[in-house]
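For reference, the chain that follows is the form predicted alone, supplied as structure tokens.
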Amino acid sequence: MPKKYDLYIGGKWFKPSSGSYSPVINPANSQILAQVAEGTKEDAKKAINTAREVFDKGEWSGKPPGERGKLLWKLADLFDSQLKFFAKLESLQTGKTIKYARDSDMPFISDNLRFFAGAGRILEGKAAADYTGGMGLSLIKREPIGVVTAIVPWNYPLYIAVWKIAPALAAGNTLVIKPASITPLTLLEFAKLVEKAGFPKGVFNVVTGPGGIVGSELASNSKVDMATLTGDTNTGKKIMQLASSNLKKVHLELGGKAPLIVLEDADLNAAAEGAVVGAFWNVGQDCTAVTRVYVPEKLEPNFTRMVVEKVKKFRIGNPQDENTDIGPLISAKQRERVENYIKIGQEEGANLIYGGFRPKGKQFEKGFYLTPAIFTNLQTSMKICQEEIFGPVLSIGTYKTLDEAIEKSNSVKYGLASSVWGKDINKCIKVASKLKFGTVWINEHGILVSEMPHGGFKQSGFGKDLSLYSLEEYTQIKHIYIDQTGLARKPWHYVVYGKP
């Protein structure tokens, strides 16, 4: 019998009021991994009410930052002790390779917890001065926002969840978080570590269930002070509409359509390697993944040859195998979506020069596998250029002038991530300054660190994950003014009452 997971509310595990549970499927073989509670609107309300009560009592928000930091650090230690367990479970529920989950995702989670454990101790205001000509003192104080609700995606279920958990809790907020229905297992197991670490009951709550029901309540409930989402742009728009019920703060990290620009003096082999790795890590299911490459016309044939040669070396197979480079897509629905875009790309005139088919063999029959697809002759008007595919599809286009490359890169509605490759760093920086993306990497694509912010421009959302900028997202600024002279001596007092 598959394991059953309930809802985690107020430090206790509750059965869903619906009485229903949904299966979590292993995308590599379609086997059921576990049964997870189908939360309802009532369950979401229960979690929000609990978080509200705990916050208002001040048991967590009133703790010194150092004490909150100690618990986050303890949580990181507990996580490290079970890192291999979490890596395997993440790999099983998402289909990402075990080596990627273990050697990339999990260590970053640990680092992020420790970063915010310390960062929460240095929250500060920017002003403590007299701005009135000797009559008073102004202070700036950063305070927790209150009850935060978070909705996290299926492509990095725990990795991105911790991007929200760590700063929200470090700042003194209480949290209700909803994982994606198809990948909730690592976050539910993480709740056990939160409990073991000794966080006050009700500070951290997990409610699983349909986004249209649980997610909608988390975004619209008037007892919530802030809603944060990492997901697609259409969902982000819905969250904004729902959040308007009480004008709660909204933080969104949404879709992407990352370009990679190759300059004429670039190390072509390095750029090709960057494009391949950037396009196909996590099977392309990444909002920062390279989706479009723009290469000088004269370099395109050689560049494309290098890309294809590198992709041919990928080993597709069971993600639990240490030798596997490419696992399955997350679901049959997602594979069909990607296949449809590949078909559209061909119909629109792009040249499919490699891949884009389901691999043959018994080991692939029950999983959602798809070989990486490479297009050339990319045109700006094409759907595969403009829309987020979220799968292993890389399209290569050309340019005659650098201004053309920049224009093509900026032509999409998204603005999350991009990269520039070249040996002339001054030229790379000039190009980077003209790209309308929240992150521009130079001679690299995909590097994220806890100390630097991550977030988008345009319809890729607003607000930042990671870094001190993220910590500021989960706080609000209060101005405190101290009178040092007496009310009657203030000039504006005379305006109201007249001079004595």
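Remember, predicted model here, so these are calculated numbers, not experimental data. Start at 1 and count along the sequence shown; that's the residue number.
If you look for the form predicted together with a small molecule, you will not find it shown, but the lines that follow are about it.
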- Task: Tell me whether 68, 142 and 223, taken together, all sit within 4.5 Å of the small molecule in the model of the complex, counting heavy atoms only.
- Result: no
- Task: Pick the stretch from 105 to 113, 232 to 240, 85 to 93, 133 to 141 whose residues have a heavy atom within 4.5 Å of the small molecule in the model of the complex.
- Result: 232 to 240
- Message: At 4.5 Å between heavy atoms, is residue 211 in contact with the small molecule in the model of the complex?
- Response: yes
- Item | Any non-hydrogen atom of residue 388 within 4.5 angstroms of the small molecule in the model of the complex | yes
- Message: Is residue 153 part of the interface with the small molecule in the model of the complex - any heavy atom within 4.5 Å?
- Response: yes
- Determine whether any heavy atom of residue 416 comes within 4.5 Å of a heavy atom of the small molecule in the model of the complex, and answer yes or no. yes
- Heavy atom within 4.5 Å of the small molecule in the model of the complex, from candidates 318, 377, 216, 331, belongs to 216
- Message: Under a 4.5 angstroms heavy atom criterion, identify the one residue in 172, 278, 345, 256 near the small molecule in the model of the complex.
- Response: 256
